[in-house]
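As a starting point, one isolated chain is supplied in structure tokens, in the form predicted alone.
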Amino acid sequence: MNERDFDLTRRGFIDRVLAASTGIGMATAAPWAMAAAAGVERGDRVRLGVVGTGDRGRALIQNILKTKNCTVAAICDSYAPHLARGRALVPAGTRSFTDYRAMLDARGLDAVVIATPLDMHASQTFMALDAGLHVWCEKAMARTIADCGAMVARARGAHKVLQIGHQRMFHPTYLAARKRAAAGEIGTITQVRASWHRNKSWRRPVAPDATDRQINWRLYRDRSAGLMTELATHQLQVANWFMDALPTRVMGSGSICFWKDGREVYDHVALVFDYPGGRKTIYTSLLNNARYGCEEQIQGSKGTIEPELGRIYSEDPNAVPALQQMQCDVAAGNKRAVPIGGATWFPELPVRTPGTPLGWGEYDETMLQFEGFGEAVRKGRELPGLLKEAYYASVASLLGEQAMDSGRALDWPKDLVAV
């Protein structure tokens, strides 16, 4: 892709974001999206220091390099192979460090990007804020609810931007879905079903120069809450966002039922989050079956939205004559059984109507996150509503872990910091 095509694709993506984030209800439902897509002002690029150049950190670097207003001014990782791979992505001469404190002390940065294991997020955020820097941090926020709150309080006290990585909040398909839900197209939302199913152990090979805790940190309780903080936090943010509310309590069950390899975190979780009015989010995640993958089903009285699949379905679709439907199916290459007779009673099978598309962005929403962050740093003012969504998603994921560990239904905390 040449630069002109790149810019055209970028403009098309941002146009879709702007279109999806305007309209009735969206000023309060997604205020960050409009702010992020409003445009990049001319000026010096925001200088970012990236700490953590593992798989996720390198993906973030690649997105930062696409932005119009940010640059990678330094990278840092204590593990030499990861640092070497990070160096391969950035321009020659970009400063690199094996010590985070040394990167902060070297100056020349406006903000840091934290892509390290979860248990390091809070302390590294505090160090950056104390050095007078803004912070972009990967989700989940921290290993404990208390540390999540402390990150918010410290950033607000320092008058610095703290932004957490939740890319779905910038995705034009999710924004279009939220807009149509706000317009009442699927009626009253009473349930969200979300799942993230994989068929892999999550365990990575450990080189002779590394330790298992260093490479497989996601499998250790003191470093991660496993499926809840690494995956569920994304979808719990989506659930809270579409419900336009916070859970009132959560109950759940977790187990190590398949990968019995010495790990400390669950490989299979199932939870129910209650919301005001009796509404619910039902969440499952597992690591030994990928049939249903990653999905959310936003279920209302008039229809269902599946934003991950980019589809919206009506509870009462317009009837289409059978031959006309068959003609459309043939033209679209869809194949389905054609009933010509059978029993007089049928079970209530899932509805298989194809629904209608929500649209799909061709540009990486992670890039837009960083352009929004860059403008927030320039103005010294966070994107509205973004930190609140991220904070409550992290609290929900960690409260879910506590509910599974205790075997009890737990109420939503009443002592959270104001966001």
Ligand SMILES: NC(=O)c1ccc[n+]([C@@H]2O[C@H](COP(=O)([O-])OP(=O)(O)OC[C@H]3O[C@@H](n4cnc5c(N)ncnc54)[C@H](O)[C@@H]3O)[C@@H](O)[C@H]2O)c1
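Since we're looking at a predicted model, the values are computed, not measured. Start at 1 and count along the sequence shown; that's the residue number.
From this point on, the text means the form predicted together with this ligand, which you will not see here.
- Every residue in the set Arg56, Cys76 and Glu230 has a non-hydrogen atom no more than 4.5 Å from this ligand in the model of the complex.
- In plain terms, the part of the chain that comes close to this ligand in the model of the complex, with a heavy atom within 4.5 Å, is 213-221 out of 213-221, 266-274, 148-156, 246-254.
- Note on the partner interface in the model of the complex: the residue among Leu89, Met120, Leu309, Ala182 having a heavy atom within 4.5 angstroms of this ligand is Met120.
- A heavy atom within 4.5 Å of this ligand in the model of the complex is found for one listed residue only; from Val161, Ala115, Ala225, Ile298, this is Ala115.
- This ligand is not drawn, but in the model of the complex it has a heavy atom within 4.5 Å of Glu138.
- In the model of the complex, this ligand lies within 4.5 Å of some heavy atom of Gly52.
- This ligand is not drawn, but in the model of the complex it has no heavy atom within 4.5 Å of Gln191.
- Taking non-hydrogen atoms only, Ser195 never approaches this ligand to within 4.5 angstroms in the model of the complex.
- Contacts to this ligand in the model of the complex (heavy atom within 4.5 Å) from stretch 152-178: Gly165, Gln167.
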